[in-house]
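Next comes just one chain, in structure tokens: the form predicted on its own.
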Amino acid sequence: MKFGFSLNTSRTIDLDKLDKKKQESFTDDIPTFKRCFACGGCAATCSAQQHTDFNVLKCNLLFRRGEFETLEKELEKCMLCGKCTLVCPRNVNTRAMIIKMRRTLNTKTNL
């Protein structure tokens, strides 16, 4: 029987299944990552966002959630210009954060 609509798949994230070692090693290498309070300054000045749907905040959230497959596609859009790092009021090194995320994900695929 068709009702004219369908049910969406669940977007529930089981935090117990996350690979926390990657996130812990990430914050060890980029300690400023913990300072981010998601003000959006980085996303507002992003050069890549003017031409794509790239968003630094989205990358931050995807990494914390452990959604690495989606994150890997997002990170390809970043041009590493560093504007996001310059405007951050908490001095979060977002450029280094993006580079480290790329390296972390490449390590994952090479294993």
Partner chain sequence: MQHFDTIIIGGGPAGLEAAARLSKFDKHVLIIEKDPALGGKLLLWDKLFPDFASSEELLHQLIENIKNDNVKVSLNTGIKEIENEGGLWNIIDNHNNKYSAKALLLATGFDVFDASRKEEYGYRIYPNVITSVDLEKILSGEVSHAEPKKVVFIQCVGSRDEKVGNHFCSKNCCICAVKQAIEVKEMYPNSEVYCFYMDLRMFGESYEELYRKAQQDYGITFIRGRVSEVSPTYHGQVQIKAEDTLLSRPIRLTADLVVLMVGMEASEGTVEIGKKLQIGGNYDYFKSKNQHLADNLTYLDGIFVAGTSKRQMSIPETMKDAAAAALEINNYLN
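Small disclaimer: the values here were computed from a predicted structure and weren't measured. Think of the rigid core as the biggest set of C-alphas that the two forms share within 1.5 Å after superposition. Positions refer to the first chain, counted from 1.
There is another form of this protein, the form predicted in complex with the partner chain, and it is not shown here; the text below is about that form.
Participant: Test of understanding: in the predicted complex, would T12 fall inside 4.5 Å of the partner chain by heavy atoms?
Facilitator: It does: once the partner chain is placed as it appears in the predicted complex, T12 has a heavy atom within 4.5 Å of it.
Participant: Hey, in the predicted complex, is L62 touching the partner chain, heavy atoms inside 4.5 Å?
Facilitator: Yes - in the predicted complex, heavy atoms of L62 and the partner chain come within 4.5 Å of each other.
Participant: Do A43 and the partner chain come within 4.5 Å of each other in the predicted complex, heavy atoms counted?
Facilitator: Close contact is absent here: in the predicted complex, A43 is far from the partner chain, nothing within 4.5 Å, heavy atoms only.
Participant: Residue by residue through 13 to 52, which ones have a non-hydrogen atom no more than 4.5 angstroms from the partner chain in the predicted complex?
Facilitator: Counting only heavy atoms within 4.5 Å of the partner chain in the predicted complex, the contacting residues of 13 to 52 are I13, D14, L15, D16, L18, K20, P31, K34, R35, C36, F37, A38.
Participant: Is the shift of V87 between this form and the one not shown large enough to count as movement, that is, does its C-alpha move by 2 Å or more after the core is superposed?
Facilitator: No; that C-alpha moves by less than 2 Å between this form and the one not shown.
Participant: Core aligned, does the CA of E24 move at least 2 Å between this form and the one not shown?
Facilitator: Where the cores coincide, E24 shows only a C-alpha shift between this form and the one not shown that is less than 2 Å.
Participant: Has the Cα of I13 moved 2 Å or more between this form and the one not shown, judged after a core fit?
Facilitator: I13: C-alpha displaced by 2 Å or more between this form and the one not shown.
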